[in-house]
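Look below for two forms of one protein chain, each set out as structure tokens: first structure 1, then structure 2.
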Structure 1
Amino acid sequence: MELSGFPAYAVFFLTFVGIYGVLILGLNLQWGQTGQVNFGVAAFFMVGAYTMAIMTTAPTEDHLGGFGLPFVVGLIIAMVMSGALAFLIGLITLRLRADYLAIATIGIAEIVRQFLKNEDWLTNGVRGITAITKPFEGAGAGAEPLIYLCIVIAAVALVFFALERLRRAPFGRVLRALRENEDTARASGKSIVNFQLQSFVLGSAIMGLAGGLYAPFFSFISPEAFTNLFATFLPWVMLIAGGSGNNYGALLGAVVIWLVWSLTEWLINQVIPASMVTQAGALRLLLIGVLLQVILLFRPQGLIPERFRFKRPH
């Protein structure tokens, strides 16, 4: 039985939200827990997606590889590559002022995008990589999207419980101490740079995992698919709307904002003629930008605020 109509859309919607959920859990570790501003989420997402594509596709003349590796191996290598990129950036910037990380990451996102566009031997350039396969392809009877949804949900659950465990562990406490006051954390004998670097690399590796899940989902990727809007800005809005620092909030934010985003598409398509479709994109961007400002002004703690075991002193 081929899924169609509403159930098919629901499966698509949930899978997409799940991939965003993984991405935002990674961002929540960096921003929510540690207070690091990563404006280059797209970079780690892209590296993950491309690594996955190159590692798992069948051998071809168009780009490096493909190496035809199994799905799970591809995911692991995707995480390692994104983590390695984060390690390099973190090593340079994490010792310095917090805003240098933001500047460096927004720069690296642009450079990675140009790199993927221009290095044809590696990525097939603007033509992108095709025929990225999902596991259990050919399971038949339209079960494929459903199986993939289950895989994505499993990944979300795994990352969620691992991060919740980490949050309660001494490691998580140090990260929050860093976020609140670096000097106090340093005075307690914690190596600031080590903890910062671990958190940044782990968060970015999780973003790489999200990228690795994204590539087979669409089976085609190209540099144009990873705009700053989709891969950096929306995740930020989702996290801030849901509740920075709270993993439940991060997931709720992914659902709510993706719902809002999809609704604006539907609404605007009702109003604006098809000939002005690029303008509709700008209008949605404007709306989501305004939404972020409204949240920052009126509910900066998000839908589900971070919970503290003890009251925060003011």
Structure 2
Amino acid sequence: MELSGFPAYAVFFLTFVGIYGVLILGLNLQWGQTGQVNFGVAAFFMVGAYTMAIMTTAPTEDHLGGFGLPFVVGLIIAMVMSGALAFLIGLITLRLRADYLAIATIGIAEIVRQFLKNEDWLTNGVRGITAITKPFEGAGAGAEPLIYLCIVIAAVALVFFALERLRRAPFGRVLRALRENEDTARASGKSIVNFQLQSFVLGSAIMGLAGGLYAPFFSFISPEAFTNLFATFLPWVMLIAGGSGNNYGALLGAVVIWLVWSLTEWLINQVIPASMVTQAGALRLLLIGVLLQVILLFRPQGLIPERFRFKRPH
């Protein structure tokens, strides 16, 4: 039986939050664990999505690719391409100070977006890539959204538990040492650039995985879907609100902020006249900004602080 009404929206909401959750887990590894200010999240998210679309769609003359590869293979290649881009960027930018790194990654993200927007032979330009199919499409009447939700949940769980193991491992302790004091870590004989590069590449590959999940979910992508608002600003707000440095907080922030974002959209549609909907979009940004300021003032460590641990029952 095909889902409709609130159940259909609930499945959509949870799937989208799950994709954002994967994206924010990658950002948490870079910022929360290592202290890297990456304001170019959109670049790696976008590369993952376009790679997935090119690798898995049917043959076409509209853009490069149409290789029709399996879903899982497309996800792997999406991660590899985003990680490779991060490797090239990291070799140049990771030696910069945090503020310069932030500026550099913003510029790189816009360069990537403009490149994908203007190279019609590669991405079909502003017209985007269509007919991106989900796995198990046509498996049953109305079952595809639930199946895809299960796939996204599995991806979130896999990334979450892998990063939790990494956080507890010696590698994770070195990353936190770099975040707190690079000079002390260097005095201990650690290669600062190597560890930073590994963290940057791994976090970006996870962002590419999120992009690979995003493309089949909507079955269509274009450069306009990866604006700095949705692909950089909101992920940062989610991470800060949830609690950077804590993977549980990263996932909670994704749920809370996207819930607030969705509720404000519903309220605007209910209260604001149709002629003022465009202006009301700025009001949503203002509300999210105010919420972020409130969190920073009254709970700067986020909803779940980094040092918070869930106790296991005996």
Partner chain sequence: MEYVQTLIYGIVLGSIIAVAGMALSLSYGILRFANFAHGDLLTAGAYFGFVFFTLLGWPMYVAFPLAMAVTACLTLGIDRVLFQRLRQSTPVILLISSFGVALIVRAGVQLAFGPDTQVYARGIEFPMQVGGLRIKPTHLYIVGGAIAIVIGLHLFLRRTKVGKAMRAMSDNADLARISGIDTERVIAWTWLIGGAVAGASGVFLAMDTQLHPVMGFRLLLAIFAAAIFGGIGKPYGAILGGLIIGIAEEFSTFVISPAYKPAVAFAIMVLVLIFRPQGLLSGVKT
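By convention here, residues take numbers in order along the sequence of structure 1, the first being 1. Take the two forms, superpose them, and find the largest set of C-alpha atoms that agree within 1.5 Å; that set is the rigid core. Just so it is clear, the structure is predicted and the values come from calculations on it, not from any experiment.
Looking at the condition given, the form predicted on its own, one finds it describes the source of structure 2 alone. Comparing the forms between structure 1 and structure 2 on their rigid core, the Cα displacement of Pro70 stays under 2 Å.
For Val290, the Cα coordinates differ by 2 angstroms or more between structure 1 and structure 2 after the core has been superposed.
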